[in-house]
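Take a look at this one chain, the form predicted alone, written out in structure tokens.
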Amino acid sequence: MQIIYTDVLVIGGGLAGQRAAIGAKRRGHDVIVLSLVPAKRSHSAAAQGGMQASLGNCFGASGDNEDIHFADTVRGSDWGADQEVVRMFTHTAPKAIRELAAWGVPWNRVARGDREITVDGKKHIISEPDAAHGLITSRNFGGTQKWRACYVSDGTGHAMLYTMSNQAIAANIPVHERMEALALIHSDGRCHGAIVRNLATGELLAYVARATCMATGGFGRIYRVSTNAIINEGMGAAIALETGVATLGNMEAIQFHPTGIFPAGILVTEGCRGDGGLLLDGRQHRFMPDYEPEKKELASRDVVSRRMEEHIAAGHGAHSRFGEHLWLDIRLLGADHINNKLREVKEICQYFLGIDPVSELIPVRPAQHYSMGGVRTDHRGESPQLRGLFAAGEAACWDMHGFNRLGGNSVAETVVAGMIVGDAMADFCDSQAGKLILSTALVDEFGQKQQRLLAGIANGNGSESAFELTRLMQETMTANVGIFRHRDRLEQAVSTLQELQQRARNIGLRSAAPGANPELVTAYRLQRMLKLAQCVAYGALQRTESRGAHYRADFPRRDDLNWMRRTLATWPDDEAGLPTLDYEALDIMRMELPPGWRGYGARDYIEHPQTSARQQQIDGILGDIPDADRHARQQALMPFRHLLPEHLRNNNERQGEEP
């Protein structure tokens, strides 16, 4: 087996992976990126609406800063996030977006003078100041107090990924395409790279590295209807889980996007609602103000998705031959706005629905969209259990999203986390801990194990179909581990997934061709996807509360007293049917923003006794610091800048604000 050596191995060619690679390369380290597809076809290109960064340039963003972005993100997470990480993120996001602008991302810009906007179904005229002309502009998104989503029409991810990829090419970073990591090479709590399969030839290779970064995106394809690309099957998280050492965090936290086109589930950006689009029911009644009178369509994604499903269940949906759905109305935005700022949405509607959203309603229903869970890391992006293993982007539980992610924060996280993890991997490689000392016998042992697993599937002569078992898994997750969860259905899901795990050991292939063999790929991925699905279902069964996107109909209250904890999942061994779950407490006494009411629905949650104690402590700390000195107030509550690479610690500058 061929062994390829490098300083840094990045598994995943999307925004997070390429930005981490660029960061490590800048520090003088050799880097190789592995990608299932050509890098510019990574799922990052599908991001439409925007990237959150508190620039404060345009009319609706006036007065925005890191403090407001921080509060929005923590509340959006339903207090499940690591607040130090959230601070690192909100502080770095403006730097990241300006770096991307310097690299060539054509962000939409502020134009001076009057312009028309749509708010709450009505047209308004606003005026942008001369001083802001030409600066990066932003649009409104759900769950935020300010317009903060910086965008490139509705092709934001596409513009970002192409620019990022061009920078990686300019830095001479090789991207090995159509390569899939099958297992992490590890021993004694140290990761040494990965065993990799060439998807075109079937050849196994070993990539040995001092630092390995998992940046493989989410695992939405464990569900039947998902906005995720078909390559988003979670293999990065799965092979980390299969080490039996690295942990996955908050796997039960699954986000459903309110506006997947029905029935295909393809994403229609939140920018449609941010720009003024409305949600209508079967009678074309605007229903969201009935549930959330303040934020309406721009409540947090988990809230809007639940309200939509509740409204359908109450008999108010629109009917079609595919089932019930609701309507998204962007007609009021006008042809010019749709053709220029939502052109990708228009094309999706034309190609997949045969409709023109300039004059017709868009059928929508919530679809699985994002996984807050992933490889659990510390603030540097490194696994606490497996040294040398890093993770960034949706593959990671860093953990800045907690139990619900705000729209636009994921695209921002890919770049921000990539910046921080790139430096962290370089630091690791430069340290004594990063020295590479291993036996080629260990590499050969891991390679032979994967070879035996593949041969066992290819030559097993079993009776089960990998495609059929995949379908059953997806239907089980969609029916039982969706937006609304209940003990009976979760128990059924856990039981069914265990049965599918057993059946997956008896898969038979119609072809054992050693090269490009999609059926073989489906078979070996299925066995890993079932483990991820079980982490989601079993974790959801054990968490007897509702928090963010995890909603237990039989336990509808958020329970800070018993569940202010992050779920950690490990997989004991190859024969296990369930993950081992442990829990990591969130320390309220170190929080800058103690748990409180998110701002949606009733103020109904079980409070932790430390919440009031921490609030009293905060009031005492801030009593002697002037309100005007927001940086000093923040520093006194929860220092975080020392956690960042030194070159990212300086204050951000904004129009009309002292640096």
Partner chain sequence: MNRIPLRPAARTLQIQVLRHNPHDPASEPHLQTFEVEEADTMTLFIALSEIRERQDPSLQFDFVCRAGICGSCGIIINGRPGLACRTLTKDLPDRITLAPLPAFELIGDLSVNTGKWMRGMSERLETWVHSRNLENLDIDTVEQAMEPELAEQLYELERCIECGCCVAACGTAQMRQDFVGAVGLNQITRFQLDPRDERTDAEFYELVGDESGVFGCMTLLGCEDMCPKELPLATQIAFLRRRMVCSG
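Positions refer to the first chain, counted from 1. Computed from a predicted model, the values in this text were never measured in an experiment.
Below, we refer to the form predicted in complex with the partner chain, which is not included among the displayed structures.
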Problem set entry | Which of 567-575, 317-325, 275-283, 546-554 lines the interface with the partner chain in the model of the complex (heavy atom within 4.5 Å) | 317-325
Exercise. Taking heavy atoms only, is A441 within 4.5 angstroms of the partner chain in the model of the complex?
Worked result: no
Exercise. Is A61 close enough to touch the partner chain in the model of the complex, meaning at least one heavy atom pair within 4.5 Å?
Worked result: no
Exercise. Any chance G265 has a heavy atom within 4.5 Å of the partner chain in the model of the complex?
Worked result: yes
Exercise. With the cut-off set at 4.5 Å between non-hydrogen atoms, does L34 touch the partner chain in the model of the complex?
Worked result: no
Exercise. Of the residues G244, P129, P174, G460, which one places a heavy atom within 4.5 Å of the partner chain in the model of the complex?
Worked result: P174
For this session: Heavy atom within 4.5 Å of the partner chain in the model of the complex: which of A585, I125, I437, A200 fits that? Just give me the one.
Result: A200
Problem set entry | Neighbours of the partner chain in the model of the complex among 96-123 [non-hydrogen atom within 4.5 angstroms] | R98, E99, A101, A102, W103, G104, V105, P106, W107, N108, R109, V110, A111
